[in-house]
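Just one chain is shown here, as structure tokens, and it is the form predicted on its own.
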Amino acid sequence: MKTFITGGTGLLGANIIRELILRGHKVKALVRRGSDLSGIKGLDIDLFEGDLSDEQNLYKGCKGFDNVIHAAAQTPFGFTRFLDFTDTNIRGTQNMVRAAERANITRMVYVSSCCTFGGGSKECPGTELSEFSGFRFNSGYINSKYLAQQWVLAEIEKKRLPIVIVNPAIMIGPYGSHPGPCEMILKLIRQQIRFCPNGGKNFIDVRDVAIATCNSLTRGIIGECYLLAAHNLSNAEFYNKVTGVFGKAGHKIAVPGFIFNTLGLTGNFISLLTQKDVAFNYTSSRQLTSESYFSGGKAARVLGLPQLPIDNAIHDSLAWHINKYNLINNDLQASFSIDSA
């Protein structure tokens, strides 16, 4: 089998590539010029230079291949404006779908996001049938992913395109080219006084997501969406998981959501004055303090999604990033086997 993948240098993409290699696939990965290749260094794959803006080049890259996995996306990293995400998440997805259609790809897996569905409570978590409710956050990322998914679903309906959609929750694990969720983990283990907001999310080992994504190449129903979700944890429970893996308890201070939202509004005001993005704003504060829990039951049944404990993912994520960024101090060095990832 021959598989073309976008987003191969990212956290999920690097783990998908490893899973594809284990399955004997010949892999070609789209990479932008100057990309950080540390997550896929030494892997037996072909690199294809380009980006999602050039449909003709994407067609050239995937022509003659059996499958396409479209995992590339612009993720927040402090941005909130819709226009910051449209080129990659919407137009880039459209270009990749059209290129795959022209190349007569046997199957394409589009990696969307859990945020395209409405999250629920722990007692009644969100599913693939939960109505989208993300517009209330005014998040450019969430809105762009939702609109891109709606476009893909419409194309599947009109043209009977062989596309399966997977919707991962918050992924934790090694080989990421950016700190992502690990940045929060690192801050937690460095600060013994932790301010813990209300709310919670679903977390999953990125390697479990990679397995289910690769399974989607041969399993799953065309035009269906599959939430790749595992562990519904409140912010306090996730913080406790992190400190438990680290082996050093900290002091957790519960802070009401309205305080975080006030700080977020302050961030908006600073951004308005400076005309620059700030690290924490009202959009991010509302997302942080919301409850957004999901069920991965459908994906477990149909795609064979593993739902392994999150502890190993936390450990291996830390080990990878500590090594990658030379974030070594006495505490971290004593607590982690740096080469374990």
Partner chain sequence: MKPIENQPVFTLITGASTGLGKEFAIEIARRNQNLILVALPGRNLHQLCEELTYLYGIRAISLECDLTNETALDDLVKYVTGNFSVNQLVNNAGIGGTSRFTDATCEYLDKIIYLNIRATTMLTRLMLPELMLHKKALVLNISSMAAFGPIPYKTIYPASKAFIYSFSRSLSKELQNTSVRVVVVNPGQIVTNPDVTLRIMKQGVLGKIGLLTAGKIARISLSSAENGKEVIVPGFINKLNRFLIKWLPESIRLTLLERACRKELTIRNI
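Residue numbers count along the first chain shown, from 1. For clarity, every value in this text was computed on a predicted model and none was experimentally measured.
Not on display, but discussed next: the form predicted together with the partner chain.
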property	result
Contact of K28 with the partner chain in the predicted complex (heavy atom, 4.5 Å)	no
Contact label in the predicted complex: F246 to the partner chain, heavy atom within 4.5 Å	no
Contact label in the predicted complex: K60 to the partner chain, heavy atom within 4.5 Å	no
4.5 Å heavy atom contact, G223 to the partner chain in the predicted complex	yes
Location of the partner chain contact in the predicted complex, chosen stretch of 149-157, 228-236, 67-75, 202-210 [non-hydrogen atom, 4.5 Å]	149-157
In the predicted complex, the one of N138, T88, N198, S177 near the partner chain [non-hydrogen atom within 4.5 angstroms]	N138
Proximity to the partner chain in the predicted complex, single hit among K276, R301, K41, R32 (heavy atom within 4.5 Å)	R301
